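Below you will find one chain, with nothing else, as structure tokens; this is the form predicted on its own, and questions on how it binds or moves follow later.
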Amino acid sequence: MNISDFLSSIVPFTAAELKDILVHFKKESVPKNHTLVRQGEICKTLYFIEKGMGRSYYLNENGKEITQWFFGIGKFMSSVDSFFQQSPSLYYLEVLEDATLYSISKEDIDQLFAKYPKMEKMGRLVTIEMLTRVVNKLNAIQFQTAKERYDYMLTEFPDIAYHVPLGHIASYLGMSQETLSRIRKG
């Protein structure tokens, strides 16, 4: 899904509004395994994924990567708290496969929010959807069995096994790779 179709599917922008908004987004090709943001850096960019998949992760006390979130086609990708608060990121942002991204700076998105009430509405609706998904993941980790968490993940990211290494999936679900393998076989 391209960014123009995505924006129009959320809020009915006029052709002139959409043209002006899209000028602020930069289209770029990003290679597999490219790190967009490192832990401790301030995330200065919001990305929209047209093609590819990304993830956010952190390193635990043993230096092991723990996946916090996956970002698929037609979704925004950022270290959200770092981007909106302009504070150091707790997470790394990584592209998991060759990707086509649209990027926009914090300054430009703020200008668009100020200029277009529809853009601010779109930001609110996207934020509500993302917050709901985060709460659903938290609830899954707290209240569901490993199998139920796996099934929940498949509803969020149906094709994930084709795009993401199993170790990333296991850490996202809060389980070992062995447990994940047993669930997938069963």
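Don't overthink the numbering: it's just position in the shown sequence, from 1. Please read these numbers as outputs of a predicted model, since none were measured by experiment.
Unshown form predicted in complex with the DNA; subsequent notes refer to it.
Residue contact with the DNA in the predicted bound form: Thr35 places no heavy atom within 4.5 Å of it. Although the partner is absent here, Met175 lies within 4.5 Å of the DNA in the predicted bound form, judged by heavy atoms. Proximity of Lys137 to the DNA in the predicted bound form: non-hydrogen atoms within 4.5 Å are absent; the residue sits far from the partner. In the predicted bound form, the DNA stays beyond 4.5 Å of every heavy atom belonging to Thr132. Exactly one of the stretches 41 to 49, 143 to 151, 23 to 31, 114 to 122 approaches the DNA in the predicted bound form with heavy atoms within 4.5 Å, and it is 143 to 151. In the predicted bound form, the residues of 150 to 186 lying within 4.5 Å of the DNA by at least one heavy atom are, in order, Pro165, Leu166, Gly167, Gly174, Met175, Ser176, Gln177, Glu178, Thr179, Ser181, Arg182, Lys185.
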